[in-house]
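Below sits a lone chain in structure tokens, taken as the form predicted alone.
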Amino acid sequence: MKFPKSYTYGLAVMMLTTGLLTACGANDSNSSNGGNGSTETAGNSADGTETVKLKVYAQHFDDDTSKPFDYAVEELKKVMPNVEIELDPAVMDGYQKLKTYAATGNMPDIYFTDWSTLQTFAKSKNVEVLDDYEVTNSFKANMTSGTESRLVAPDGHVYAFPDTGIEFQLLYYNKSIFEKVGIATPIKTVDELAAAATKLKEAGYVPMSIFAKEKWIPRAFYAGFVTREDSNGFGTLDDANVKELPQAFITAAEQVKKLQEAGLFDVNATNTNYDQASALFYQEKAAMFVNGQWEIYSSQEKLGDKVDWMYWPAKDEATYEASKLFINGAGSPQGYAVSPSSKNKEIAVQVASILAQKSAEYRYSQLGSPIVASKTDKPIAGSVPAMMDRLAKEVLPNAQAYAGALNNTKISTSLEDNTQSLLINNFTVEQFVSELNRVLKKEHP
């Protein structure tokens, strides 16, 4: 899609058009099979410099992930022509493959991962602490305002270079199907969403497609309802004084269960992966889909004007209006990290920074996304997808709060396990509350 350069993006992204990239640039790269000591030095580049091969484990699933990565690799060649990237495409498995690499001593030089995995790797010494590297200071100085929590962890350390800003989840829906079935929008309450699920199911559609085989997505779905009751979201559970599940979390669990019992999800939801779930939505067999704002590009490409996103519903209209701009997303650290065992660790740190910054550059200039971690002086190359434009003008400048990050890995794991179970017929809200209370009491004695 060609975008007119005259497009101006509004208040939400004005800050992104200022500042130049640091000299080392930025790249969104992916590498091949991880391996402890996997860095290779082989042969010479055209200018006679010794070639350094780095294995990078990173997301390369579709256009939304592969194009920023490929762009970053090409940009990397301009500033570090002696570096050769070997891509190991990440598997959508909650970083289990990466954790297996760590357990078997087979880490890639550079890898992309989330805060939960970084915490685990910090304890097992599988991630390089980046605090004292000069490139870290340069990266920090070039970050867009408000994204610092993506780089600096709650413990004060830097473990990875982020490419995106604070991301969040959206509820996507097919406007054409809604009109055909006779469902009015916007849906503001959980009762309205449950009624819509019943109508859609009776009309032969899967009401909402969700790839709940990956535990993070039912957790994210549940988080959307939590933020309607508590703007701090899961961050509330990090408080050592919280020894039992707060009412906001119980209410949200009751709402998710109500929707499950109303038939919102396919019966095989917890065995469904991303490819299967997205195919249902894009083939117009499912009326709704849940994923992060990054899904805007694929959904608009495949469904065009038929697709839009909706705000998370609440228990009543008053709560909906008061809380719809509480954002279901937290600024926890993530991004391109470096293995301490890399044979060319110093070079790998520089490359990781470049991959992150150049990925951000692509996302902003080519995709029109304002949700990036690094500033760039490159203009947006064309028109922005309608749903992203709506986010930039309607949501980002007016956001009232972003959910807090949950840093306790055991509580986070329990949430993932039990929110996934909420989508199963025989699992009750009482069981959910009991399991979470057990973990909270153990973690907050």
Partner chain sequence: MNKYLGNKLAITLFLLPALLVYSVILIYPVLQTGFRSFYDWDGLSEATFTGLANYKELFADPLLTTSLRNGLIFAAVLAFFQIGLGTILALVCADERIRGRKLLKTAYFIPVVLSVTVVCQLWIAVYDPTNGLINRLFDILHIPYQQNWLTSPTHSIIAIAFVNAWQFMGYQFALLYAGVKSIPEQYFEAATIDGCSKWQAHRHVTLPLMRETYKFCFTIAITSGLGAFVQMLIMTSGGPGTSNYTLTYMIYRYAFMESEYGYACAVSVLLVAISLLATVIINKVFDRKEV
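The model shown is predicted, which means the values in this text are computed figures rather than measured ones. Numbering follows the first chain given and starts at 1. In this text, the rigid core denotes the largest set of C-alpha atoms whose superposition between the two forms falls within 1.5 Å.
If you look for the form predicted together with its partner chain, you will not find it shown, but the lines that follow are about it.
When contacts are judged by a 4.5 Å heavy atom cut-off, N126 counts as touching its partner chain in the predicted complex. Among residues of the shown chain, A102 is one whose heavy atoms approach its partner chain to within 4.5 Å in the predicted complex. None of the heavy atoms of V242 is located within 4.5 Å of its partner chain in the predicted complex. Its partner chain is not drawn, but in the predicted complex it has no heavy atom within 4.5 Å of Q400. Although its partner chain is omitted here, in the predicted complex none of T136, H157 and Q350 has a heavy atom within 4.5 Å of it. Judged by heavy atoms within 4.5 Å of its partner chain in the predicted complex, the contact stretch among the candidates 175-183, 246-254, 113-121, 138-146 is 113-121. N268 is the sole member of T319, T198, N268, N82 with a non-hydrogen atom lying within 4.5 angstroms of its partner chain in the predicted complex. Contacts between 419-445 and its partner chain, taken as any heavy atom within 4.5 Å in the predicted complex, involve Q420, S421, I424, R438, K442. With the core held fixed, the Cα of K285 is displaced between the shown form and the other one by less than 2 Å. If you fit the rigid core between the shown form and the other one, you'll see the Cα of Y173 move by less than 2 angstroms. Here F225 does not count as shifted, since its C-alpha moves by less than 2 Å between the shown form and the other one after the core is aligned.
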